[in-house]
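Presented as structure tokens, the chain that follows is alone, the form predicted alone.
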């Protein structure tokens, strides 16, 4: 297994198409899926009520920046969970998961845990965080709340390095920031803006009145303190050989 800061082993054989290697679905498989869709509730999936497009950076290599698409489930006022994809297309690849908590919950986390989280205030205020095709007046109350939140984002599929399958250890992701390597490439933003016919600059100007948090805990965005990120590695360990039941 490759650690999150190293290139993986040779890729499985396949074409250069972004879809993972494998044979096309059969008619029988399509029928099974359609039949299951008719009789199963799929309740967790149906709770995803928002699509957010933004950007993320790898904690161990901030020169690697990606556009991300979060499909958001609101569990309650203080906790959201997101399935993260590399695009909003029908065949988008599921590349990770992000958990989002309010400042109230974040402040109760242990300091070592807080180091794994990032703040969202700059993402919101700068116009990088958008709800595609949602009018500004409708999304504004949500943006005001999101500016006070913190997120922990694990990337499980590093598609930007060409991985055709989810390989190696997960990578911790961090949010854009207005300093040093935390700034997002203008080319990446321009490409996103063209796709959705929006202007990040116009969005930024329209969000001037959104209040910034009175205080952003410095344990979040921890790289800004010491210039170091986090990389995950995989190691062998002894197994527990006794079953938890008699």
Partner chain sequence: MSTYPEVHGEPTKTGTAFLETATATIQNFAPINKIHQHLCAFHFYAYDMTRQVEAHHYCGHQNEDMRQCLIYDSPDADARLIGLEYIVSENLFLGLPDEEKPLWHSHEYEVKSGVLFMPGVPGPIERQDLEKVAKTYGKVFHFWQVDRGNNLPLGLPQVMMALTRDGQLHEDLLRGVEKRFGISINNERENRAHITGPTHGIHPLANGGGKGLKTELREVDCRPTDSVPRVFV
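These numbers were taken from a predicted model, which means no experiment stands behind them. Numbering follows the first chain given and starts at 1.
Note that the form predicted together with its partner chain isn't included here; everything after this is about it.
Although the partner is absent here, residue 162 lies well away from its partner chain in the predicted complex, with no heavy atom inside 4.5 Å. Remark: residue 125 does not count among the residues lining its partner chain in the predicted complex, judged by a heavy atom distance of 4.5 Å or less. Using a 4.5 angstroms threshold between heavy atoms, residue 63 counts as touching its partner chain in the predicted complex.
Among residues of the shown chain, residue 220 is not one whose heavy atoms approach its partner chain to within 4.5 Å in the predicted complex. Residues of 19-44 lying near its partner chain in the predicted complex, listed in sequence order, are 19, 20, 21, 22, 23, 24, 25, 26, 28, 29, 32, 33, 36, 37, 39, 40, 42, 43, 44, the criterion being any heavy atom within 4.5 Å.
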